[in-house]
Structures are given as C-alpha cells and as structure tokens.
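First comes one chain, alone, set out as structure tokens in the form predicted alone.
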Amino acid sequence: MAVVGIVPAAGSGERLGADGPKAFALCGGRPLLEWSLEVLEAACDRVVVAVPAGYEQGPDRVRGGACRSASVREALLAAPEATVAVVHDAARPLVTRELVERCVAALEEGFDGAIAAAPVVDTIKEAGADRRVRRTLDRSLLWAIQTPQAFRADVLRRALDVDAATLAAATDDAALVEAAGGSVRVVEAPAENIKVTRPVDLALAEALLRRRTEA
C-alpha cells in the first residue's frame, strides 16, 4: 500500500486578508502549510502539494488548478503509485497524525472513502432564498465535514475525471466520490480541527496551537 498525501494549497487567501496565497500566511510563526506537512509527512509515504503559479520550486510541488478539486486532480496525477490518497487542506493546521491514521485505517472496512467530521452541535435550519425557514433538520444525523479525507486512489481518480464545472461545484472530494457511486464513511474528529478562512480563524488556530505546544 502506497499512502500519498495530497494538499491543495493554491487558494488566494483573499478572505483571510493575506498579502499572498493563504497556505503561506503565517500562523504561530510558521506558514500554515508547514503545520499540515509536518503531520502528513510522518503519516504518509509521500506528500504532493498543489501550489499557486510561481510557487512550484522544490520537490513534490505541482501547479494547482482553477479550483480546489482541480488542484487535487493535478497533485494526484503526479503520484501514479498512490493506492491510498489522503487529501488535506493546508488551511487546517491542527490536524494530527492520529486522525490521519484513523481515516486511512477506516478504508480497511471496505469503504471507498473515510472523512474526518465533527458532530453538529448547533440547531440547523433550512431556509429558502427569501430567508423563510422551511424546516429544522435533525442534527443527530448531521456532521460538519473536515479534512483529512482518505480515499482508495483509483476511486478518487475516477471521481475527479469530470468536467471543469462539476469540479468547481464540489465543496469537497468526498462529494465527487459519492456522486460517482462510491461509499464514504465519517471518522469522528475534534471540532478544534478548524479551517482557517477569516482573520478570527487564524487567531483561534494560533491560540490552539500555542496551547498544544505548551502542553
């Protein structure tokens, strides 16, 4: 089994207010990307990163695509030996090796994908375009999806072999695998495995990382 980490890191960082690509914004004194790479390199046989144009210097760096899943596809193309692909957002610096390994191990149960997720604790309502509430969803069945997401690499390759519009519409790669008929299970993960999108997220991530390193 060849486990390859895939990191889509070509995002602009506009919502974060960063001067450059989000994956290279400083978080706790290090680029966001480095926190994830440290964990993935310990848990995977190889890690390929999809980066913005001009950042391809160094081994296992490929130019990212026009959207997140297009970047995943480009990175996976660079790793034909992969039998398991672990996709992880560079913007989730609080990932742990234990979580990565649990996602990979879950594939042994016969699933095509195993994705980190936290149980939803808020009340979730569905509303129309007019903001009128249509219904209240049963939160006991709902999960907030994170990364890492581990897949059988051949299944993920087939799922990513779609047109550009379909790739752009996908909010995660598990959705593409599901649409292709693949089976995906959730792996319970801590809620603090947050995604850094806005400045407040960055401040929270820095505080959580500081607490972890001081423990």
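Numbers for residues come from their place in the sequence shown, where the first is 1. These figures come from a predicted structure and were not determined experimentally.
Here the subject shifts to the form predicted in complex with cytidine-5'-monophosphate (C5P), a form of this protein not shown in this document.
- Checked against cytidine-5'-monophosphate (C5P) in the model of the complex, the candidates 90, 86, 116, 82 yield a single residue with a heavy atom inside 4.5 Å, and that residue is 90.
- For the options 160, 27, 184, 67, the residue carrying a heavy atom within 4.5 angstroms of cytidine-5'-monophosphate (C5P) in the model of the complex is 67.
- With the partner left out here, cytidine-5'-monophosphate (C5P) still marks one of 148 to 156, 161 to 169, 59 to 67, 39 to 47 in the model of the complex; by a 4.5 Å heavy atom cut-off that stretch is 59 to 67.
- Remark: residue 5 does not count among the residues lining cytidine-5'-monophosphate (C5P) in the model of the complex, judged by a heavy atom distance of 4.5 Å or less.
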